[in-house]
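Both blocks below hold the same protein chain, though in two forms, and each is given as structure tokens: structure 1 and structure 2.
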Structure 1
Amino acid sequence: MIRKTNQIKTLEELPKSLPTVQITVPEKVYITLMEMRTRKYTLSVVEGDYVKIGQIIGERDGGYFTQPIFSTVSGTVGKVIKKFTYTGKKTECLEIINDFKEEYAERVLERTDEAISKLSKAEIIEIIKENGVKGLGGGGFPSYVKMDTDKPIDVIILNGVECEPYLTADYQAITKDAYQMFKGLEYVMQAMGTKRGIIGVKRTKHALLKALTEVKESDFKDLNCDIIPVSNYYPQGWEIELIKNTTGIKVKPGTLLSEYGIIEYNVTTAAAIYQAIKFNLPVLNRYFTVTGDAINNPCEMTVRVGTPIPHIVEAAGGYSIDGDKVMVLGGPMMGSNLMMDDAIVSITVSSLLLFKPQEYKEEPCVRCGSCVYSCPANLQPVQLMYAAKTKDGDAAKALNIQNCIECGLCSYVCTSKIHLTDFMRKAKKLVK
């Protein structure tokens, strides 16, 4: 089988530091109506309605939780249209036609520091829930659910490890929004009655460690928070790895972190919690990376949630090649390939990778064991591949497919170029 893919070695050929470019808010945004953990939605607006920034326009239903849906621009509600999203599939999105007035909804308000200091745990959780804050590291798990526990929480951990190649969005966020991250951490610690915070960052990211240390020493001297450098390897950003390397606690896959007295958030999620509590704002913008050898100007930018990919490509100077190209929303290891650029930026997306296609031939498995040795979850990818091929859900379950984090290492190290991660996803669906 012949496949077209990107080659990670091209990282060495790309600029080490990407320039920042300004991007306008597009004429239309498309707000995802269903996301990875939701299956139903209801809208509270109809075509032709006028909406404002931060206005609730509907609700997603995840069974045991709900998520409000927000407009990220002011303007007129359009049609429900299917667009490609981070899933790699077309998803229903609500079109909103921007009037460029940037009018904010009446619900958006600033709370005083005094008022925030008096908020109870239940009130802070409700504010986070009402503003739809979720895991911005890619997981998309509702942030309020992690806090809604009776278990005593000993430590709040912020994950600043951006471990996939090419990605720089969290790097941008830490250098620009470190104050907001500390405040978000402070609010969560206040709510949970937690006495210790941790921020984990790669020890090779000297600028980030410096930025965090300076903000800590100038504005948060009384906050008991350790900034801990961690090793530079993949998948260091996996919460189980980060927890082990910052606290020494070994978390069993599949168990709730609250059982260990831990809550873990991405650093950008902490900043979003600050925005929600201080200003009653949902996530409106994402720091965004556009890079690869098929784009003219690899760069960083700040993108409004719902922005179409062609608008981003234009801001980055357009494609450097005609015809086929490899397009990935997300990182090269865990992102989703796009069939075309009719896609949009949703709340959990922070990068677009564009590469010239490289052909390779997929060979039969030679049972070399590379995927087994490399799996951070200690799984048997080859056996799981056979379970997926034979549609044996019982075998997949017995092989603990539920512990797979879809990190992509099995595909990356495979000497036969088999896309094992695809089979892991298929095996997961058999169990579900």
Structure 2
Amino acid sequence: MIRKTNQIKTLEELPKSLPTVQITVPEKVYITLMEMRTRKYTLSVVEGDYVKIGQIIGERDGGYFTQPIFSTVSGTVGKVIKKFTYTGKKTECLEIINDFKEEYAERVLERTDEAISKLSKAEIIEIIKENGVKGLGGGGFPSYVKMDTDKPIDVIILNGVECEPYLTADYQAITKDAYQMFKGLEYVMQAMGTKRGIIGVKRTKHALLKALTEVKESDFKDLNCDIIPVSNYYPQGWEIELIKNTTGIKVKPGTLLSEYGIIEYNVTTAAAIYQAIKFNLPVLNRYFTVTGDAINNPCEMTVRVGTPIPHIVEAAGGYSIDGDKVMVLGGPMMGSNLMMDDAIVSITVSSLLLFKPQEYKEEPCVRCGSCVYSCPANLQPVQLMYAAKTKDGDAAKALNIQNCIECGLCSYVCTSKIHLTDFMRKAKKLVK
């Protein structure tokens, strides 16, 4: 096959829309003490302490990326235990034993609209930072950092394009929390003095367009925010694609969005910003999707941050096969692989996929060029593969490997079923 591919096929035996199931808050939650870009942590509680929902229990230290750690249940602090996280590695987590009283910490409050309208940019940034809001689309990048710029920001874009197949967390969030998203957008626009907002969603998702338009019509008539439908392809959710398709601005890979006067947030992040500013609440729950052909009841649910994976698997009816399976946190194209189900849901995780193993027979490259045609970053994966094989760092650099977003399309399309994306990761290491 010689073609550009940007549509990802899903397993046909899986239902198109998933039922929602109720899942209990687990008896124990595990809060990750280390996250992306943090190096160490300090805890302000010790084993046996009583903590409440939303209480700060420590700090992840990472210079610019330093962030508070929150309890997501009320109960007693347990031990520091290592659990698998979305990084695919074991990470230190703090166990908290739930007392099911759902008591909120004193720091949780309600700001009046008037009080909020008086908040300055610095204050809003501080509140967002204090509540540890970060990119919930998966990036996990602290949200306040994007606002901490002196550059004029002309437009705030909310990304509602969930482009990987199977994932429905943003879909659930928009249908339920559109109000919070608009509010969050309004607050960021207020802080940045920005006049224009954009929410991008897929053209094919009529329910989302409808939900957003209705909320806009009823509650945000005066907000200058366009709901822009964009076409349905992968990786439409990549900020560079979304920005191009909503504003026409072509962002050069590797440059900062603020230089173009743009801030981009995931829709769920905007809702989290609202929660932080209105109630001083950190992210406690995630809309969640469990699916794949190795789980009994593919479904949607709302999961407390820190929930162990086995608890979720149980709520979804258990594994459907006894043999080996492939477990993924995140999407089928970019998610991370877990080799143990002794894992937990941290703040950026919104899906669990379980697949029956598939073996692909790899053949020599037939130089069909599909990978070149399909790469959204305009790279030449086949050439980068040769660079990786011959350990030619100069070639990898000249071929712009640093622009690779590891979207997985090159592996997905390869006629010879070569795992190109793996070679891209190797080529990246040659350049560093």
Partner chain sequence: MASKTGFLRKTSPYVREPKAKVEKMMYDVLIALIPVIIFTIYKYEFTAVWIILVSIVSMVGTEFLYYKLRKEPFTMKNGTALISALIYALIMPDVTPLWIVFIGGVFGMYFGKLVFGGMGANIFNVAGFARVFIVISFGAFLVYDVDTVAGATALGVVKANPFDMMILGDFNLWNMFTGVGEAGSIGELSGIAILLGGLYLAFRKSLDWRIPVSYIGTVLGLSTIAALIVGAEMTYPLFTILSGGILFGAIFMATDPITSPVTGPGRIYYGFGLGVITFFIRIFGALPEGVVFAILIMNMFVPALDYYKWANSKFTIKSTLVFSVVVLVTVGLLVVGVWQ
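Here, rigid core means the biggest group of C-alpha atoms that superpose within 1.5 Å across both forms. This structure is a prediction, so every number in the text was calculated from the model and none was measured. Structure 1's sequence is the ruler for residue numbers, which start at 1.
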Block containing the form predicted on its own is structure 1
Once the core is superposed between the two structures, does V29 show a C-alpha displacement of at least 2 Å? no
Did G58 shift 2 Å or more between the two structures, C-alpha, core superposed: no
When the rigid core is used for the superposition, does A388 move between the two structures (threshold: C-alpha shift of 2 Å or more)? yes
Superposed on rigid core, K426 CA travels between the two structures a distance in Å of 4.2
